[in-house]
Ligand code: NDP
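Read the single chain below, which is given as structure tokens and is the form predicted on its own.
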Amino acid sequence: MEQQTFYDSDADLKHIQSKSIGIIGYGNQGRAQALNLRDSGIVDISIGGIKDSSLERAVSDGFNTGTIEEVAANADILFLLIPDEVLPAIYQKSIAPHLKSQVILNFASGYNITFQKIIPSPQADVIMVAPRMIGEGVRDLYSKGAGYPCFVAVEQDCSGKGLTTALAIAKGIGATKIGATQVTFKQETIMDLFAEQATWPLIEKVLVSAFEFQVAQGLPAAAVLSELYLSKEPAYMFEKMADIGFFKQMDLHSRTSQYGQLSRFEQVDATFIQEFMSKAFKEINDGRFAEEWEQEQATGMNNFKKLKSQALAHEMNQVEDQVKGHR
């Protein structure tokens, strides 16, 4: 498949304007996408879920609501916006038995299709519109007339209109202003999990190790954390990387900083990094991580709870609290 990025001029809302849209889940993404669609002129939207505070919020936001079963049964296009780990059981019990024969299933993640945790009816269109932005950002950027990127994919295209539908949804939620890039479900899954299991763990380990090393050398812990990230300078740098370019944003730094970064960047031995990434990629690609995560959930999430407890016990948490307490 030739990769292509689509923009506002490539998408047409007419492909979804006459459709009944059901959204399962009214969390951060569900609420943001529902509000954006309505503001784009899509009026037939219903929210499905259990009776809780999120469904009450959907009512207060002016949406029609119903049970998951009711919304699934009436939708021409069904957005599946609940967490990957709970979706398969809900889909099997409360969604699949009630769907229209030619429904369009819209996923926000490729995970459950890639690892066959959900196997849709062969008569259904299976598409994905996956914002590369947290739900709050999806709403905030749309409201400002800006945008954010997303991925679109088509896994099953019984109607022959899978891509045009995905692009219409992407436009309706505000993503085609920046660009909707076509990928496959598996590609989205691998990239998403790779960021979570390789890229970010490496970055996080560097930051924690830098904190521990500098404190061991006698430098003040609060100042170290401020230099590492509490000042939000790294967040600003990441923003400029996106705006200007990864290396081009270095022009905003002093020449001392630029020379220090570039010369030491070349000195880093990436052998370990590549080995770590290779292991992570293999475990994602062959399904071993998916099996491990499923087993973790089935056995009470004990290791997950242990790992989270260990992370929250690290000295950095207390230093953060001290710094924030004086702000």
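Sequential numbering from 1, following the sequence displayed. These numbers come from a predicted model, not from an experiment.
There is another form of the same protein, the form predicted in complex with this ligand; it is not shown, and what comes next is about it.
Comparing 248-256, 198-206, 151-159, 81-89 against this ligand in the model of the complex, the single stretch with non-hydrogen atoms within 4.5 angstroms of it is 81-89. Here is the short version: of 221, 77, 133, 99, the single residue with a heavy atom within 4.5 Å of this ligand in the model of the complex is 133. Note on the partner interface in the model of the complex: the residue among 298, 270, 50, 43 having a heavy atom within 4.5 angstroms of this ligand is 50. Contact between residue 285 and this ligand in the model of the complex is not found at the 4.5 Å heavy atom cutoff. Although the partner is absent from this view, residue 27 contacts this ligand in the model of the complex, with a non-hydrogen atom inside 4.5 angstroms. When this ligand is considered in the model of the complex, residue 108 lines it closely, a heavy atom lying within 4.5 Å. Proximity of residue 67 to this ligand in the model of the complex falls outside the 4.5 Å heavy atom cutoff.
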